[in-house]
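As a starting point, one isolated chain is supplied in structure tokens, in the form predicted on its own.
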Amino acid sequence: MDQPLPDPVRFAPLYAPLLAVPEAADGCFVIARAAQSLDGYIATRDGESFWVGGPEDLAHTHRLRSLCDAVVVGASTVRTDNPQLTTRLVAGPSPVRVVLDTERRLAGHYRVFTGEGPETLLLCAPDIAGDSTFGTARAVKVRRGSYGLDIEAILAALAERGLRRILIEGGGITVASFLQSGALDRLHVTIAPLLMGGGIPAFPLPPVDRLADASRFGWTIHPLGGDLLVDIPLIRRV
């Protein structure tokens, strides 16, 4: 009977590309991840997403965090999930936590803004008033884009702080914004054997009129417990 491969060997094809020298001019490597049902939803209509993927997918998320300098989430993810964004399930350092809150509407009681833990940056628009700190977080002004904060400006603000390996963790609008802007080097999508019949779509992108206009990618499939992980290499344009 074949013996199972040890984790470092088994996961090398999945994680080794994330450690390559960044090729983009800004020196950043940007990866996004999502976990979706078989029919393409990341949460119920009320926002429940614990857990679409299985325990192995959760551990995978923590491994990605441990390999990155910063983990980025939108304000809705903080409001709905109240995440810690740490690497408590795996060995390795926790990344700097970055919250995108264009209008600075989040309350200060969420876990990323209180207590001990990794550093947190709150990114908001330059025309929004507020102190330079927000709880334990530091507020950083970033110019507006066509929707929310400008993607290129977000990456520049993080690179200025030495945060060049960046994980875009959620939610769907944030991941879709980076994907649509051409700001991703890699995309990891976990597909769970789960049918939801409706909810929040994984990629809320503008629809195409013809299949010929749809984006088509190459990918590699990795079993992840009872789920499937799709690893998609991309070419950054931003």
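In case it trips you up, residue 1 is the first one in the sequence shown, and so on. In this text, all values refer to a predicted model and were calculated from it rather than measured experimentally.
Keep in mind the form predicted in complex with a small molecule is missing from the figure; the text below concerns it.
Using a 4.5 angstroms limit between non-hydrogen atoms, residue 187 is distant from the small molecule in the model of the complex. With a 4.5 Å cutoff on heavy atoms, residue 47 counts as touching the small molecule in the model of the complex. Taking the partner from the other structure, the small molecule in the model of the complex has no heavy atom within 4.5 Å of any heavy atom of residue 66. Using a 4.5 angstroms threshold between heavy atoms, residue 118 stays clear of the small molecule in the model of the complex. In summary, among the residues 31, 34, 192, 28, the only one with a non-hydrogen atom within 4.5 Å of the small molecule in the model of the complex is 34. The chain is drawn here without the small molecule; in the model of the complex, the stretch among 109-117, 132-140, 157-165, 95-103 whose residues come within 4.5 Å of it by any heavy atom is 95-103.
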